[in-house]
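Below you will find one chain, with nothing else, as structure tokens; this is the form predicted on its own, and questions on how it binds or moves follow later.
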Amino acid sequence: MSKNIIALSCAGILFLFSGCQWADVCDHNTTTTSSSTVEEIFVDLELRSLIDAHNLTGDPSTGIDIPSINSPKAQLGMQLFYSKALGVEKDSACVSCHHPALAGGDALSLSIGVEALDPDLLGVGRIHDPSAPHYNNGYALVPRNAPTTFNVALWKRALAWDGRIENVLDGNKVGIRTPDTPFGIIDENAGANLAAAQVRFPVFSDVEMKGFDYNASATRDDVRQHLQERLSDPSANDYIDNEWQKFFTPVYGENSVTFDNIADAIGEYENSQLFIDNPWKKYVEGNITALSASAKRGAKLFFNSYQDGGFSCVTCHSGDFFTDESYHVMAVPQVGLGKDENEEDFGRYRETGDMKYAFRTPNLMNVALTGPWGHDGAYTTLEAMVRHMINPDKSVIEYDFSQLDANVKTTNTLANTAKALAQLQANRAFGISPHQPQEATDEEVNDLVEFLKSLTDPCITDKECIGQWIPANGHGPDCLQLNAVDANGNLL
């Protein structure tokens, strides 16, 4: 390659990235520049063009108020998040399915909430108690994969796979709609934000936190009132100790242990979980050494359209938060008990009555650590999930059932997944879905995986750093703190 070409490429980089570390690529002797270095220069140039074209800054938190984990409200929320007192039968807590050491999830395809053999064992190895009355042959009773609580404050439109907790415009008023109100109608009791609104519902779920023994005719508000009374009454007879008001007073004042405040504090704790300081962010901000060569190639495949030699991933995983916050049919294999008849899960259709099998586009921040993947955790490796997204038609046919734990029911998976795939194919035919099945080499898949790994904030794997969101091993305000352990008995 001639010196003129090298000089031109360096000049282009200096022109585009003046003042950034990108200019450092030209700090070499042009007579000794290797072809691989020149190739990397052109990759960086192309990526900068794609970054600019998609208006990326690397920071999805811009303009969003993120609370500090050290604030009194977030600290109170953390104590509540880890308390089994919010499980009606006192055998589960919010953290049972959303532990920070497990990337804000539980590392299971389908969660095991109530009636676990060891309520404090989280992640791989958590199983149902065979002696429990609702054992159901050991199959997971929770029908969907637990989404990560990490970066929950960055969602603008909705939470949950089907968007049942969502911001809506009701007449001239903007507010939050929840399952307590009809579709499109604001829930006046939802709380200050999406995270706080979501907290109001797992406590009523039989399989997540309520259990099966409490009054079967109880309404959601009945359960919330029951939990409020449990935490607010220092003499409650089902307690060894109860010091909750001492923790609520600095935040909410005297006599302030209400369910609304419980949800508000937990929402504050969840909203404090911001993990976006990843290599990709550093790259977008100017550090060209932040990504490996493989990750850079993967980024090109991610952001380029089908026509330009990519896989058009950015069509749905758009913006700095890597999601359009919309709903798409992607025919992820339908495993588990589902939420509808015949063990199916109709997704967003359950809320809108329109288009079965559509689920919310997940954000991709820290995605390498937030598996299993899919609305039901059908894929247990990131590579398998990537292959499915590239070519669902092929991936469904080749689906490997052996990747699933024995607690995931698959009796109707083939038939139900065929229906979801037929819906995707119909959507393509009618121009509803932009997705087109593609062929990918092993190297391309690997490059995409490497790029997705670059979206990982290193704090998550740093025990001291992530430990800020885990209370010290102890009893908590009520002697019901869940001190999570792994299958080997080690504290998470």
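The structure displayed is predicted, hence computed values, not measured ones. Numbering starts at 1 and follows the sequence shown.
Keep in mind the form predicted in complex with a small molecule is missing from the figure; the text below concerns it.
Undergrad: With the cut-off set at 4.5 Å between non-hydrogen atoms, does residue 382 touch the small molecule in the predicted bound form?
TA: Contact with the small molecule, yes.
Undergrad: With a cut-off of 4.5 Å between heavy atoms, is residue 399 one of the residues that contacts the small molecule in the predicted bound form?
TA: Residue 399: no, not in contact with the small molecule in the predicted bound form.
Undergrad: At 4.5 Å between heavy atoms, is residue 373 in contact with the small molecule in the predicted bound form?
TA: Judged by the heavy-atom cut-off of 4.5 Å, residue 373 is in contact with the small molecule in the predicted bound form.
Undergrad: In the predicted bound form, is there a heavy atom of the small molecule that lies within 4.5 Å of any heavy atom of residue 339, even though the partner is absent here?
TA: Residue 339: yes, in contact with the small molecule in the predicted bound form.
Undergrad: Within 4.5 Å, heavy atoms only, which of 191, 123, 119, 362 is in contact with the small molecule in the predicted bound form?
TA: After the contact test, the surviving option is 362.
Undergrad: Tell me, which of 231, 102, 265, 146 has a heavy atom within 4.5 angstroms of the small molecule in the predicted bound form?
TA: Only one listed residue qualifies here, and that residue is 146.
Undergrad: Should the three residues 79, 88 and 244 be counted as contacting the small molecule in the predicted bound form, with contact defined as a heavy atom within 4.5 Å for each?
TA: Result no, not one residue of the spot touches the small molecule.
Undergrad: Can you tell me which of 249-257, 217-225, 194-202, 399-407 lies within 4.5 Å of the small molecule in the predicted bound form, counting heavy atoms only?
TA: In short, 194-202.
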